[in-house]
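Below, in structure tokens: the form predicted on its own, a single chain.
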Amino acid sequence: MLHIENLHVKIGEREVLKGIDLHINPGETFILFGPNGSGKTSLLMTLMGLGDYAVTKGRIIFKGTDITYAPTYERARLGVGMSFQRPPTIHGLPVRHLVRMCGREREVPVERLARRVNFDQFLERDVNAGFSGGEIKRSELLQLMAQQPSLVLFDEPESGVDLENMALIGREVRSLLQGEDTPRPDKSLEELKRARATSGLIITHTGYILDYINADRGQVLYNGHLCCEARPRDILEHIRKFGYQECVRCLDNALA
């Protein structure tokens, strides 16, 4: 689904990503940990083709197509979607119209999707105008549900969300990424995993999203480098106990 090869990225004169190698298979959910300022959001913004992020070396291959220098709209049309941590307010554009545009010429059941994320009462309001943190996250989810991307990028889905909203958001993130993950008599869990069509790359600080999804792999991004690949829950538990210091030592040894 996604193959990132030796990716180097700069903002101005500052290098923020320093040789990223990462692959995500079809139907796989990948969790990315790391302290503030480590380059996590920079990676997602680069994958989406947004902002002043300049690729100086390396390639981004999505479903066999080189999108390293493709404009954002081409990436979206190919099936890359993103939920932003702090999306902008768009005055004059009602949520309903944006959701329809996200459908990419498909007929979108806007009201039905909005009811799933308890957002039907916001459809006539301008995008993100006066929205709370939880309302912004639900708006972002609604847009992704309409888009139906093959690869979903989540920048801290738990950020600014209370417990009640977290349960709803966690459930819908799981549905969007993994669909049905409960074994049935005629299907094993492994068969259900193989049948998944959507891949996900999720940034998380708190790890709360792991209470709602079954993540396959995880890594730590530190100072623009990837390190410490392991099971996501194991990484999270280690970070809670020891912080990122051991990851720093591991990275220093790898770069030595």
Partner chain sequence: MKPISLDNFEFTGHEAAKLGDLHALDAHDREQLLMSGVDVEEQGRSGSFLHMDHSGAYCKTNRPGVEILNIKDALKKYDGLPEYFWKLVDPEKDEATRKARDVLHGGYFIRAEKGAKIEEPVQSCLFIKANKAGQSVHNIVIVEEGAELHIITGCAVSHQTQESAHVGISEFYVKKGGKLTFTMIHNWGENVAVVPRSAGYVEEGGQFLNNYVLLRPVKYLQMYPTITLGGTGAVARFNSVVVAPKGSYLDMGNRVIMNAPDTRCEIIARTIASGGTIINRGHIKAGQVPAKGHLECKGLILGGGVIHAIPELEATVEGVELSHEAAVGKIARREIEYLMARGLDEDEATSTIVRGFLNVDIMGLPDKLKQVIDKTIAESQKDMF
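These numbers come from a predicted model, not from an experiment. Numbering follows the first chain given and starts at 1.
FYI, the form predicted together with its partner chain isn't displayed, but the following is about it.
- Relative to its partner chain in the predicted bound form, residues Val9, Leu22 and Ala54 are all farther than 4.5 Å at every heavy atom.
- You can rule out all but one of 95 to 103, 154 to 162, 109 to 117, 168 to 176: in the predicted bound form, only 95 to 103 has residues with a heavy atom within 4.5 Å of its partner chain.
- Shown alone here, Thr89 lies within 4.5 Å of its partner chain in the predicted bound form, counting heavy atoms only.
- Taking the partner from the other structure, its partner chain in the predicted bound form has a heavy atom within 4.5 Å of a heavy atom of Phe84.
- Interface membership of Leu50, defined by any non-hydrogen atom within 4.5 Å of its partner chain in the predicted bound form, is confirmed.
- Using a 4.5 Å cutoff between non-hydrogen atoms, Ala76 counts as a contact of its partner chain in the predicted bound form.
- Residues from 128 to 145 that approach its partner chain in the predicted bound form with a non-hydrogen atom closer than or equal to 4.5 Å are Asn128, Glu140, Gln143, Leu144, in the order they occur in the chain.
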